[in-house]
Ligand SMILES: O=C(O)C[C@H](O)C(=O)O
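This document starts with one chain, in the form predicted alone, laid out as C-alpha cells.
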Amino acid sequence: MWRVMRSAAANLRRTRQFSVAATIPGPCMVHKRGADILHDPWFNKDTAFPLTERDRLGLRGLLPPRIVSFEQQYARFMDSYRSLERNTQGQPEGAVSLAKWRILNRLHDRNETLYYRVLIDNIKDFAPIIYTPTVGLVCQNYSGLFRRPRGMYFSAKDKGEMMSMIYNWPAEHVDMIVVTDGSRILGLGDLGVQGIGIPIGKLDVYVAAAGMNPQRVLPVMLDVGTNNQKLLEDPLYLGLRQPRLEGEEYLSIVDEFVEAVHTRWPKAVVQFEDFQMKWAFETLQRYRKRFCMFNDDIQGTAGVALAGLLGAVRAQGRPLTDFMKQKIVVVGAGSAGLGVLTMAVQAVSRMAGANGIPSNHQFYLIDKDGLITKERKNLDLSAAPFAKYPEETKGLREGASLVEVVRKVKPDVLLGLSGVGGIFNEEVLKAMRESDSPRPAIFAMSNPTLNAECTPADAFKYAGENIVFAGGSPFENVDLGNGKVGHVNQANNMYLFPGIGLGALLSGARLITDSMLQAAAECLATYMSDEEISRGVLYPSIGSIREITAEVATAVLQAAVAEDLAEGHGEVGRKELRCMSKEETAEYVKRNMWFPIYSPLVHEK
C-alpha cells in the first residue's frame, strides 16, 4: 500500500506542471447540499471532505467520521485494481478486460476527479481498458453493461425536436463533442446504439491527454436504426428496433443534429467517429467548410499513419524528402485507408512542389477484390483517384492478389487498414523479404487486436528481423533472441486527435484544414530522436501522451494562425495569438489544460 502511495505522490509531482490550478485550487460554487452532493460524481470527494465543508454543505453525519486524503484514496483504488489483476490471472482475456473496465467505470460513476487523476497518472496501463482494444468489447456488450446514462442520444424518432433537445444537456458550455452513428465500430461493424462506448472512451482520452474539462465535453449517439439482425432480436438491446435510415432521410437527421449543436455551442469542436465509409466521406465534405469539425477515422488515422511512414524513411537512414520515392501498398479501401492515401499524396505533392498526385506516384491500393485499377467495373468514386492505370501496374492485372502485388512491387511499406485479421499471412510476409528497401515497414493498423492484419511475432519471424513494425492495438515487443528486441510501435490515433481538438479549440479556428492536420502529423513525425528512430521506435510512449498532445496542439494552433483562421479563445483574441512566439504558444496551451484536483466547495443559495 505505501509503495503505491509513494508512486502516487511521484505521479502528482510529475503531472502538476500542466496546471496552475493544481497548486492553487479556486473555490467551486455549488447549488446542492447534503446527499445530493454525494450523488454527484463531479462534486463528490467521498471521505475526503474536510470538516469545514461537511458543516457548510450539510454533510456531517452522512459520511464516516474519518477524513481520508486524496493520496490515500488514490492508493486505495490502485491497490484494489492491482488486487483485481492478481485475482484474475489465468482467466479469459475478455473477461479480465471487462472486469477492469467495470472497476474503472464504477469509480467514474462515483468520483470524477479521482477517476481522471488515476487515468492521467496511469494512462499507459488504462488506455487499453477505456479505449482500444477493450472499448470494442464494451460496445459489443453495452446494453447488458449499461448502468448510468452518459452523453446524449438523438434518434430517428426525434426528428424536428433536436433544437429543443440540445438544451436538455445541463452544461452551459461545451468545448468538445464526439459523435457516432454506430455504423462501423472499429472493425466490428454495425453495433447500433451500443457504439456510444466509442465517444465516451474518446472523450476520456481527451480529458487525460488534452486536458479537456470533463464538464465541457459531450459524447453523442445518433441512433438511426441498425442492420445488425442479432441486435434487433436481442431483448436487452437499448436502441431503435428498425433498419438503418438511408439517403436523404439519414442526412436530414445528421443535418438537424449539427445545426442544433452549433446553434447552442457555436465554438464547439465536433469529431465524427466510426461512421461507415459512405457516410464518413459524405458528412466530412458536407460540414468541414461550414463548421469546426473533423473525422478521426479519415483524418486522424491518416495523420498517425503519415507520421509513421515519415519515421520509417528516417529509420532507413534517408532524408524525409525520400518519402516521394517510397513504394507503398495500402490494404483496405475504407475511410481509414483512403484517408491515409489522401494525406500521403498531399505530403508527396508538397515535397515535390507540385499540385495534385505526381505522375509517378508509388501508391498501390488493394481491397477485398484485389488491386484497384482504372479497368475495374463500377469503380468506387472515393477510390478512383488512387486506381492505377494499366501502364503503372508493373504488369499486374486488375484484381491481382495481395501476395502478387507484394512480390511484383517489392514495396518499402505494407500498410493494413482492412479490418481483416491475419490477412498478412506467412506467404505475404515472406514476400516482404524481397522488398527493395533495406528496412521495410509493416503497419498492421486494424482494431481491435483480433482484426490486426498480422501479429508482430509473425511479422518479425517471416518478414525478417530488420523490419519496422507498427500495430493499431497494443502488443508486446518481440524477443528475437541473442539479446535482440523487435520493437513494436502502436500507431494509435490517440497520438493525434487530442492535440487536433485542443489546438483547434484554443485557436478558436472556424475550420480544421488540411494544413492544420499536416502540421499535427509532421509534429508527431519529428518528435522521436534519431537514436530512437534507428532502433525502430516510430512513436513515443503512451505514458508521455500529455506532453505529446501539448506539442501537437501547439503545432495545430500555429497552423490555424498562419492560415488566418484563428479567432481566439476566451480572453485571448486573434491579435494576441498572432503575436505569440512558439514558446509562448506552447505555454498558452499547457496553461489551458485542465487538471483534476479537489477544489473547495462553497454553497451558493
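Given the structure is predicted, the values throughout are model-derived calculations rather than measurements. The first residue of the shown sequence is 1; numbering continues from there.
The same protein also has a form predicted in complex with the named molecule, omitted here; what follows describes it.
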Heavy atom within 4.5 Å of the named molecule in the model of the complex, from candidates 297, 223, 121, 175, belongs to 297
As a check of understanding, the residue in 138, 516, 203, 186 with any heavy atom within 4.5 Å of the named molecule in the model of the complex should be identified as 186
Quick one: does residue 273 come within 4.5 Å of the named molecule in the model of the complex, counting heavy atoms only? yes
> Quick one: does residue 115 come within 4.5 Å of the named molecule in the model of the complex, counting heavy atoms only?
Replying inline: no
May I ask you to check whether residue 492 falls inside a 4.5 Å heavy atom distance of the named molecule in the model of the complex?
-> yes
- Message: Can you tell me whether residue 180 touches the named molecule? I mean in the model of the complex, with a 4.5 angstroms heavy atom cut-off.
- Response: no
Counting only non-hydrogen atoms, the one stretch of 282 to 290, 258 to 266, 141 to 149, 128 to 136 within 4.5 angstroms of the named molecule in the model of the complex is 128 to 136
Taking the named molecule in the model of the complex and a 4.5 Å non-hydrogen atom cutoff, the residues of 432 to 465 making contact are 447
